[in-house]
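Consider the single chain below, provided in structure tokens and representing the form predicted on its own.
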Amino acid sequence: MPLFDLRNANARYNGAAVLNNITLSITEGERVALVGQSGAGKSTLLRMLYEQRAEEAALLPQELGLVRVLSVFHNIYMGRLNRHSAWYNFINLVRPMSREVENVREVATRLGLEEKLFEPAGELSGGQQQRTAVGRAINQGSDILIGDEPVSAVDEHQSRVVLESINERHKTVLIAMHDISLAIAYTDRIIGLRNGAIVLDQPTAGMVPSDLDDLYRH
């Protein structure tokens, strides 16, 4: 049984068609990249798929949703708020427990954020904020991650670290990507969208960036 399944799905925004007759299945264990020009419908398709597994999937939207006055630790810790009581979470807001600090430190270190662990998120660079949001999603502990441009604000080296971390911690990964070279390197299937329709759906094995040129031609 597919983990995600859409049959002739459509989406409209302000009366205009955004997605047209989308049929798509994704099984457990796949790592899938959505690619295509800006406005092709990638974010809308991600939202439709997320709605099918909202109780299970970790979501990483473009709007990072960090609490800027709280530290990197607190923002990453928030990925597991629903696993603890309100009282336990309050204690960790005021005086973080050593075991929680170490759990979060492991995630932060993997993402190059260890030295920023107790700095306010609002004082970080854009790339550091994005990595903090990735850390929060990873810390949620879900088998599924859905991310909308999760490496758009970081350099190539950091992008590779982030994507490796995502793949290490999740069985199933579904991400929208603007960097097609990274998409090919870190996923096993690419779905290409153009004008709200799926026009390509292929394994990444043996694929090169030029294979996707048609998606970006005007």
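Residue indices: 1-based, along the sequence shown. Please read these numbers as outputs of a predicted model, since none were measured by experiment.
The same protein also has a form predicted in complex with adenosine-5'-diphosphate, omitted here; what follows describes it.
_At 4.5 Å by heavy atoms, is each residue in Pro150, Ser152 and Met177 next to adenosine-5'-diphosphate in the model of the complex?_
Negative, none of the three is within 4.5 Å.
Check your understanding: Which listed residue (Gln37, Thr172, Ser165, Gln158) meets the criterion of a heavy atom within 4.5 Å of adenosine-5'-diphosphate in the model of the complex?
Key -> That would be Gln37.
Query raised in the report: Heavy atoms within 4.5 Å of adenosine-5'-diphosphate in the model of the complex: which stretch among 64-72, 39-47, 24-32, 179-187?
Result: Selected range: 39-47.
Handout entry: Exercise: Ser210 in contact with adenosine-5'-diphosphate in the model of the complex, heavy atom 4.5 Å
Key = Ser210: no contact with adenosine-5'-diphosphate in the model of the complex.
Can you tell me if Ile198 lies within 4.5 angstroms of adenosine-5'-diphosphate in the model of the complex, counting non-hydrogen atoms only?
Result no; Ile198 lies far from adenosine-5'-diphosphate in the model of the complex.
Q) Is Val18 close enough to adenosine-5'-diphosphate in the model of the complex to count, meaning some heavy atom within 4.5 Å? A) Although adenosine-5'-diphosphate is absent here, Val18 would touch it in the model of the complex, with heavy atoms inside 4.5 Å.
Residues within 4.5 Å of adenosine-5'-diphosphate in the model of the complex, restricted to 1-25 and counted by heavy atom | Contacts from 1-25: Tyr13, Asn14, Val18.
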